[in-house]
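Given as structure tokens, the chain that follows is alone and in the form predicted on its own.
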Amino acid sequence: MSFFSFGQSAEIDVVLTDAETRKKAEHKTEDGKKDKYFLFYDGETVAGKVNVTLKNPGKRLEHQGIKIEFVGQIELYYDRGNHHEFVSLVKDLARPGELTQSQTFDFEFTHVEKPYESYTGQNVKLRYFLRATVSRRLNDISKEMDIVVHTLSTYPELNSSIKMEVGIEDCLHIEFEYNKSKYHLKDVIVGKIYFLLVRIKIKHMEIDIIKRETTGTGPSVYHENDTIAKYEIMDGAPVRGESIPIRLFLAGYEMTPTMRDINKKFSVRYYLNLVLIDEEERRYFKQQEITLWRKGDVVRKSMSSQATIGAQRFEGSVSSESALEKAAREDSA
């Protein structure tokens, strides 16, 4: 990005130290497109260089200081004027003075806390970015560079199955069971549905995965429901005593980990929604919340000790040692 003014001007470029080796991740932008960004985890150091290139060699560039910021912020689309910053770090690269030639400045933000996952939703955006600024009297010269943050979790120790009943007195009695209540993003939902009493002519049955994004507080709460997946369980009438297996692979769907009360601004929750449709097109629903989390595969490979910090975040998490032992047993199974 370049800004023109009277006399001298400059271009700024931000380059990460490990740009050639650092992994990139796809992330949806506000307009629905997907771009690739450098991927970071909680606790990792963010380091690099700021290149300030003068546009008119031989002319001086007077400035009021050069700095770089690392920012984590939440933007609510219905309140676009306000950016809520939950991380804000600043490094001064140069005192007020003048540049007579193009110059490079090193920077390092050590073991940066990145508590939340990057997220772009229907009403809210959570982003992390670096912003380099050459301060000037009339117009600053600045450049922003977005990064993506993934939050890793250890294996949950307690992961009870879900058992529920759907019933209409003297007409319908169904039990369904899912193998657990917490799933990682590439997991498989395994379950069974038992028909104990069927006096309604059911013609169709499906399971939906619903994402519910909640923004705001009090009277200004907005809910957005989005159906992520539809899984047809059966097409036709079941009979009493019949059981139907469920096997739903999550890896093919675009989902984030469950996000609860992020900085008191928004939440993202996921639900399994059982839908029954009878021959008169009446619909019957039963909904159950599940917890989604990002599996810390990278921990078991020789991940840097900085990123290991990010693998310890899970509500009521177990120690990383026992979690890794469990993961290793599951992988070898």
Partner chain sequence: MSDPTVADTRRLNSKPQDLTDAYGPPSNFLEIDVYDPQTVGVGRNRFTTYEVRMRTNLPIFKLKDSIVRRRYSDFEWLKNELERDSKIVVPPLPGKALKRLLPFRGDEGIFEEAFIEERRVGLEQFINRIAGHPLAQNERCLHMFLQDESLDRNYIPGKVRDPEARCA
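This is a predicted model, so every value here is computed, not measured. Residue numbers count along the first chain shown, from 1.
As for the form predicted together with its partner chain, it is not shown, yet the points below apply to it.
Residues placing heavy atoms within 4.5 Å of its partner chain in the predicted complex fall in a single listed stretch, namely 162-170, out of 81-89, 100-108, 162-170, 143-151. Contact annotation: of the candidates P257, G72, G121, G191, the single residue with a non-hydrogen atom within 4.5 angstroms of its partner chain in the predicted complex is G191. For the options H223, K230, R137, R240, the residue carrying a heavy atom within 4.5 angstroms of its partner chain in the predicted complex is R240. For the three residues E177, K201 and R282, a heavy atom within 4.5 Å of its partner chain turns up in the predicted complex in every case. Its partner chain in the predicted complex is approached by P245, whose closest heavy atom lies within 4.5 angstroms of it. Not displayed here, its partner chain is approached by D187 to within 4.5 Å at the level of heavy atoms in the predicted complex. With a 4.5 Å cutoff on heavy atoms, F249 counts as touching its partner chain in the predicted complex. Taking non-hydrogen atoms only, R294 never approaches its partner chain to within 4.5 angstroms in the predicted complex.
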